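The data below hold one chain only, encoded as structure tokens and taken in the form predicted on its own.
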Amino acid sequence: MNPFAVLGIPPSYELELKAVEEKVRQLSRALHPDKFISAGASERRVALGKAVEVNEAWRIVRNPIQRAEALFALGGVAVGETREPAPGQAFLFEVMELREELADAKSNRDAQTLKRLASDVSRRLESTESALAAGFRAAHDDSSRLASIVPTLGQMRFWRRFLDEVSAIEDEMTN
């Protein structure tokens, strides 16, 4: 499924999500089951199927990682946890140091360090997301240039997972 086509928006990493959300609302209203009460069973099934597609497309485009995956797929570049190149040693070393610091903060129940780590990694995630957006702008429809930015998606995954882990530790500490 091409989520951009389903929503009737141009395929782009940089989207005005509020405008897309309004488009989703319009589509959802048009496909609402109440509008198809007097329609035949097959027409109701088609409308329901389209409504499900709209919801799935919205779920994809509002998530930066899934939106990037969809754009890579449209460009003919296979991505996914097992298809992406391994990150470079410098990046892995950086992540390893951050994870050690996170483990120490967790075992010491150090909320200040957790907050600092979350802030630092959030900035890294934003920077990585900006780099990915620039890469998509530069690549246009050039699949070889598009393939060159796949490692940036892998970095986004690492940062997102790290932040999820920080959040889980914070939740654990407050309970």
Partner chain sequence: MAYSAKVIEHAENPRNVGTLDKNDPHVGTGLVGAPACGDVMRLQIKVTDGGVIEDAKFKTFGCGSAIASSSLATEWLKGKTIDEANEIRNVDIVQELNLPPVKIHCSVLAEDAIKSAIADYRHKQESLQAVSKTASRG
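Positions refer to the first chain, counted from 1. Please read these numbers as outputs of a predicted model, since none were measured by experiment.
Omitted here: the form predicted together with the partner chain. The next part is about that form.
For a residue to qualify, one of its non-hydrogen atoms must sit within 4.5 Å of the partner chain in the predicted bound form; all three of Leu92, Met96 and Arg99 qualify. Within 4.5 Å of some heavy atom of the partner chain in the predicted bound form lies at least one heavy atom of Gly80. Not displayed here, the partner chain is kept clear of Gly76 by more than 4.5 Å at the level of heavy atoms in the predicted bound form. Phe158 belongs to the set of residues with a heavy atom inside 4.5 Å of the partner chain in the predicted bound form. The shortest heavy atom separation between Gly154 and the partner chain in the predicted bound form is within 4.5 Å. Contacts with the partner chain in the predicted bound form, taken as any heavy atom within 4.5 Å, map to no residue of 40-66.
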